[in-house]
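In the block that follows, a single chain appears as structure tokens, in the form predicted alone.
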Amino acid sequence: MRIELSKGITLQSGTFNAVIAPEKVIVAAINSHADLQRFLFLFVCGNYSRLLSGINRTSGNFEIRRAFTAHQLFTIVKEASHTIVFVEHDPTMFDGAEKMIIPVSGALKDVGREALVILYTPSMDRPFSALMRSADRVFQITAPDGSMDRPQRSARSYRIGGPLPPAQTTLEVS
């Protein structure tokens, strides 16, 4: 199972991926892969989703679960047995429950051993930053129109053979 976010950026099964990208990039990636309908797809969001109204949900394999607290998110992720687990980050889930960040992050990592796990946010915040620390890969995608700030370059954003293109950054975690 693979999802191509943009040219050269592919998410694969057996990984926990943290993605920071404009909403239209994620919606386009999900809608452009008709074969996703063959797989069990779990979409987890909070009380309000920025993405659901744009996603084509014609498959009976597309399940939506809402988590209003970090404890509910933890339970949903631990019980997930889907091929793809997509979590739309809601920082308000962790208000007053910062102690749940590490268990939720660990649960996402555990599920990512057998499924494709995507933790998504349109912009970075403190809870997301803590959650993504256990991700296998972290992607930040900027829109061609510059609607998202360009990622800052660090020593980790370079690969053998030169720097990555300025519109994407990949951090590998070993």
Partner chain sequence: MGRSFTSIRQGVKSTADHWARSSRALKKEDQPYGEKLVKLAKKHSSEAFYGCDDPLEAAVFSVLIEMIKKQEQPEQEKNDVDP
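Numbering follows the first chain given and starts at 1. Just so we're clear, the structure is a prediction, and the values are computed from it rather than from any experiment.
We do not show the form predicted together with its partner chain, though everything after this point is about it.
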For this session: Let me know the one among 127, 46, 112, 122 whose heavy atoms come within 4.5 Å of its partner chain in the model of the complex, would you?
Result: 46
Exercise. Of the options 66, 33, 137, 133, which one has a non-hydrogen atom that comes within 4.5 Å of its partner chain in the model of the complex?
Worked result: 66
Problem set entry | residue 27 within 4.5 Å of its partner chain in the model of the complex, heavy atoms | no
